[in-house]
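Coming up is one lone chain in structure tokens, specifically the form predicted alone.
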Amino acid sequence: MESRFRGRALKLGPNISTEQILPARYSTLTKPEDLVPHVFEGIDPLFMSRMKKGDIIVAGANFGCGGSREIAAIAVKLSGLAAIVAESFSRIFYRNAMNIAFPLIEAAGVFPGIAEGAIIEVDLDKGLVRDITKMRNFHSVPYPDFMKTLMQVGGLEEYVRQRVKKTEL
């Protein structure tokens, strides 16, 4: 997995819940292609029609709050978004995203500091969000080595699979 992403900023507010990310009525769908049209439907029913592959969500504090639905993080990853940058994340959503190797970065000031449609670059290794449009930088803590490894191998499940395979040899 790449550690740098560049895309168009799509802004969402603070306190975005897992219900808004993927309404519960879609949690029983089993095919990925059936989930994707409903991503962020709880906020904006037309969100997926304006989203382009590689876009990056910029959000306020407490992104992913509410129920601990792993399916919400999975649906976001499947949607084609490159990453989410927020003031802060709910811890369970953060962990669910890391488990499936979907990049998140916390950076103070991003929500008021980055405009809708701005071109931004996210560097997980440096802990940097750069607004290319305004030439502004927002800093975060870089991913620790273990989290980088999870991202590189494709998530926790693949990481464990590789570790088990190594011990069997």
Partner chain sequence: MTLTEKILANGAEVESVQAGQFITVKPQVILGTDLTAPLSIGIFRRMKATRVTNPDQIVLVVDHFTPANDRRSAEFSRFVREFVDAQGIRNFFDVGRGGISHLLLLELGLVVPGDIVIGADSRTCTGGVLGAFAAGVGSTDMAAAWALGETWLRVPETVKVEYSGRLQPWVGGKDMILRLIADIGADGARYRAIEFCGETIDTLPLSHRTTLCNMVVEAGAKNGIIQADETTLNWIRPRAKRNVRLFRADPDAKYEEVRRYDVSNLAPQVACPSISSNVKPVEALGTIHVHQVVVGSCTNGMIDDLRVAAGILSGYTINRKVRMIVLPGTQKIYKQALEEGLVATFTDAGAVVLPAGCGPCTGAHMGVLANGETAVTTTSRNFAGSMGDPGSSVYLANPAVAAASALTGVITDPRHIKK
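Basically, rigid core = biggest C-alpha set you can superpose within 1.5 Å across the two forms. Computed from a predicted model, the values in this text were never measured in an experiment. Numbering follows the first chain given and starts at 1.
Same protein, other form: the form predicted in complex with the partner chain, not shown, and the subject of what follows.
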### Query
Might Pro144 be said to contact the partner chain in the model of the complex, defining contact as any heavy atom within 4.5 Å?
yes
### Query
Thr30: heavy atom within 4.5 Å of the partner chain in the model of the complex?
yes
### Message
Even though the partner isn't displayed, in the model of the complex is Arg6 close enough to the partner chain, meaning a heavy atom within 4.5 Å?
### Response
no
### Message
Under a 4.5 Å heavy atom criterion, is Pro37 part of the interface with the partner chain in the model of the complex?
### Response
no
### Task
Identify, from the list Met51, Ala59, Ala107, Ile100, the residue with a heavy atom within 4.5 Å of the partner chain in the model of the complex.
Ile100
### Interface stretch in the model of the complex with the partner chain - options 51-59, 66-74, 107-115, 125-133, non-hydrogen atom within 4.5 Å
66-74
### Query
Would you say all of Ser88, Leu156 and Val164 touch the partner chain in the model of the complex, counting a heavy atom within 4.5 Å as a touch?
yes
### Query
Pro144: CA shift of at least 2 Å between this form and the one not shown after core fit?
yes
